[in-house]
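First, one chain by itself in structure tokens, the form predicted alone.
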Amino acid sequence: MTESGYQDREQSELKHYAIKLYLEAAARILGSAWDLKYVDCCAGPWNSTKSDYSDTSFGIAFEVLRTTREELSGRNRAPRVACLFIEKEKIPFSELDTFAKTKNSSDVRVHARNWDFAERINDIVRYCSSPRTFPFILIDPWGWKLAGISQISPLLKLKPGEVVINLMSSFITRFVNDSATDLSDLLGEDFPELRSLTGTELEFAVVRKYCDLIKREGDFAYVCALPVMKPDSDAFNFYLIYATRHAKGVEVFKSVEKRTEERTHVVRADVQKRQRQERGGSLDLFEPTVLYRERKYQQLATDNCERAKRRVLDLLQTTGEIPFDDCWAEALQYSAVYQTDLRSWIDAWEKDGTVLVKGRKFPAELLKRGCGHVLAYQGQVASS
């Protein structure tokens, strides 16, 4: 069932679920070598129903970092951990400030600031620039203007560092064709070219364009997009855009994406059950997942698998020979595409003679990142 406190805002549950999984994994990995700082640029709280704020991004982040530091301390590694929670509006900030003052300690330093984060970017950069510190930046604004590339560029350029941005794709696609709306800071000066697209092709192009700009501006090696569906309709609400400079980060985030996808279907099945009961007034005889209906995510997975497959094949045809790791990195940046998909394409290409796999230690060795496997293009792919 949907977690208590999230009814009618299940998209927030899914967002928080993904952020929690990501931070848990990333903090354990990076906390063994770095001190950690977490910055929530638009913290709120918004629509929280829990007295401990465990249904907010900042409450979740604080608890994850606190417990991670505790776990690492037991292994003789206690990183310095600090959180900076930023909120522009005065009323929610007063709650945020109280939370920060309550949680601030010598183990985890917690501070709240009543800032418009876009006007205090340089202060945030200074906060994140301590020696041997790895910052995690969450940018989760209302609307899209505060996600503009020029606004957040200094945060993207922080090295080391990783960024998660909430991209309100459902709003953006609605305004692409509005001549009065300038989306160039989100999608580049050539964004009017997107107006020739519609439906899923437009949505994909918007997300991909934004990811490419984030990658270029921050000199990131990888940018992934995790889709979050609307709880009560077959559509995507927003994407969590994740930028990293390390392949291990992609590995972690794709695991987060897969688990969030699974959680999405459970949550939405519960919503559909509740809607059926409200309409008919009777109880279902079956579990919510039995009657669950969804097409949008399946379509995204199908379309993106085809897009990623074509992209990997283009790389092979262009270069003639390419490390498996490069194919892996390219394919997995597409939403709803996973390592198993990539392996299935390569298996089919091997069988029809399109690709030769080099570097296997034995014939049945599973293709994995970091094992030195290389793909060599052998000829034309048979049309499917």
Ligand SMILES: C[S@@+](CC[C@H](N)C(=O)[O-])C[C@H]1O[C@@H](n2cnc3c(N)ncnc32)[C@H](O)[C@@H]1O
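Heads up: residue numbers just count along the shown sequence, starting at 1. Predicted, not measured: the structure shown is a model, and the values here were computed from it.
The protein also exists as the form predicted together with the named molecule; that form is not presented, and the subsequent description refers to it.
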| query | finding |
| --- | --- |
| Site check F204, E261 and Y297: each within 4.5 Å of the named molecule in the predicted bound form by heavy atom | no |
| Option from 34 to 42, 318 to 326, 61 to 69, 346 to 354 whose residues, in the predicted bound form, bring a heavy atom within 4.5 Å of the named molecule | 34 to 42 |
| In the predicted bound form, the residue from F99, F220, W144, W115 that sits within 4.5 Å of the named molecule by heavy atoms | W115 |
| Option touching the named molecule, based on a heavy atom within 4.5 Å in the predicted bound form, out of R208, K88, K273, K254 | K88 |
| Contact test in the predicted bound form: S57 vs the named molecule, heavy atoms, 4.5 Å | yes |
| The named molecule contact at R369 in the predicted bound form, heavy atom, 4.5 Å | no |
| Any non-hydrogen atom of D140 within 4.5 angstroms of the named molecule in the predicted bound form | yes |
| 4.5 angstroms heavy atom contact with the named molecule in the predicted bound form for H373 | no |
